[in-house]
Every structure is written in structure tokens, then in C-alpha cells.
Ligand code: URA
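Presented below, as C-alpha cells, is a lone chain in the form predicted on its own.
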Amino acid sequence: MERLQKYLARAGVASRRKSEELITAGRVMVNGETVTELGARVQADDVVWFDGELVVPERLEYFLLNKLSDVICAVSDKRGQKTVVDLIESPVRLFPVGRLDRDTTGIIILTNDGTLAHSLMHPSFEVDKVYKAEVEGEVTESELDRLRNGIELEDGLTAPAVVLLMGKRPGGSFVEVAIHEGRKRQVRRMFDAIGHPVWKLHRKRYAMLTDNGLAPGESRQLTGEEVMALRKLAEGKKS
């Protein structure tokens, strides 16, 4: 069972808040009876009407995409740039959960489940995100310690990060970084702050989801177990 306003929102009738207004205005019927109570719930076999028209919600779908560089995290783009939605074939309207910079590669979730997406993107939801960064210059342990202890950015002190030096190459270093905040371009700004601009950045893990077996540009549907795990994780963060 789910709340009637959520059912209407999932069907694309209106946002959840606007759907509440439609319900209280007496414009929604369930099984032939007008419903005006916001606590009303519907089941899969209930018949819902809005302004005399049958309401059929979209089925919920969940995808994990390994985003390419030069692809933007948006549903559409006025300038005609390729978006993450363009990379997935689905009959339902998908949107990305959160964002990756245009020049950052790696995994991102796309879904039409607004409730889960809202929970995952809420500021209180601090999910672990692991990145592989190739940065300019040879990074020292003392510089990495600054990231581990939290570093001051223009929007405040970052939470302590888990940082590992994975290797070096002439003129550069490979670093793995785990954070749980969701600030804009945070990893890049962290490395800028210690004097090592990022050349390449790839998100390899989001919560329990990884890029294992997913080639650049490829996507797959999440399993039922993965969806349930994300929901439980989101609920746990809210409690």
C-alpha cells in the first residue's frame, strides 16, 4: 500500500504537495468514492480517478550507469549536449540521483522513484562515495593528512576523508578518496586546496554499489535486493 498523494505523483498527475491539494479539493476518486483525507492509502488493485480520468502510475525502475566524460547529469539540455538519460533506453521518465561533474566519470543512479531519490539526495543522507583521482604532482602523506583531518573550503570545513595514495607517475599521483558529503565539486576543490589539481576523477562506489563489471557508458538495472538495501540505508539515516 502507498499514500494516495504518492500514487498520484508517481503517475505524473502532479507533485506530491500539489496532489495533496487535489485530494482535499475533492478531485480524486478511489474505487468510485471521492477521497478527501490525506492519510488515505491505495493498493495495487484499487482504481483511481482524477477529474474523471483513470490514473495509471508508471512502474518504478532503477538503473546504475557508469557515466562517460562530457556527459552531463540532467534530464535534458537546451544546448543539445548528451545527458545521462540519453544513455539509457527506458519507457519511463528517468532522472539522475544527485550529480557528477561533466568531466567526472563513474557510477550514478537513475530512477523514476521520487521518494527514494529525495531521500538519497537529502543533505542528512551521508552515503559513502569512493573516487579514484589522478592529480598533478607528487602528493605527500602530510598533504593527505590534511584531507583526512578535514580541510577548510570556501563553504566550510570538510568532514574527515579516508584517503589512500595508490601510486605515482611522472608528474602525477593516483589517490583513492572516500567521502560522505555531497558538496559541489568537492573532491576537486579538496585537491585544489592542497595544491594538486585533479586531472581525472572517477566515482567507483556509491553506498554498496560499485562499477564492477560495468564498462564506461554501460548501465544495468538494479536488483531488487540492491533497491531494498538503498531504501533501508536511507531510512536508517533519517531515523
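For every residue, the number given is its place in the sequence shown, counted from 1. Bear in mind the structure is a predicted one, so any value in this text is a computation, not a measurement.
Although it is not shown, the form predicted in complex with this ligand is what the next lines describe.
| said: If the cut-off is 4.5 angstroms on heavy atoms, which of these, 161, 100, 84, 109, is the one near this ligand in the predicted complex? | reply: When this ligand is considered in the predicted complex, the option within 4.5 Å is 100.
| task | Answer for residue 186 alone: is it within 4.5 Å of this ligand in the predicted complex, judged on heavy atom distances? | result | Close contact exists here: in the predicted complex, residue 186 approaches this ligand to within 4.5 Å, heavy atoms only.
| Taking heavy atoms only, is residue 64 within 4.5 angstroms of this ligand in the predicted complex? | No, residue 64 is distant from the partner.
| field | this ligand contact at residue 42 in the predicted complex, heavy atom, 4.5 Å | value | So residue 42 does not count as contacting this ligand.
| message | Test of understanding: in the predicted complex, would residue 201 fall inside 4.5 Å of this ligand by heavy atoms? | response | Residue 201: yes, in contact with this ligand in the predicted complex.
| Interface segment, criterion being heavy atoms within 4.5 Å of this ligand in the predicted complex, picked from 114 to 122, 101 to 109, 84 to 92, 146 to 154 | Stretch 101 to 109 is the one.
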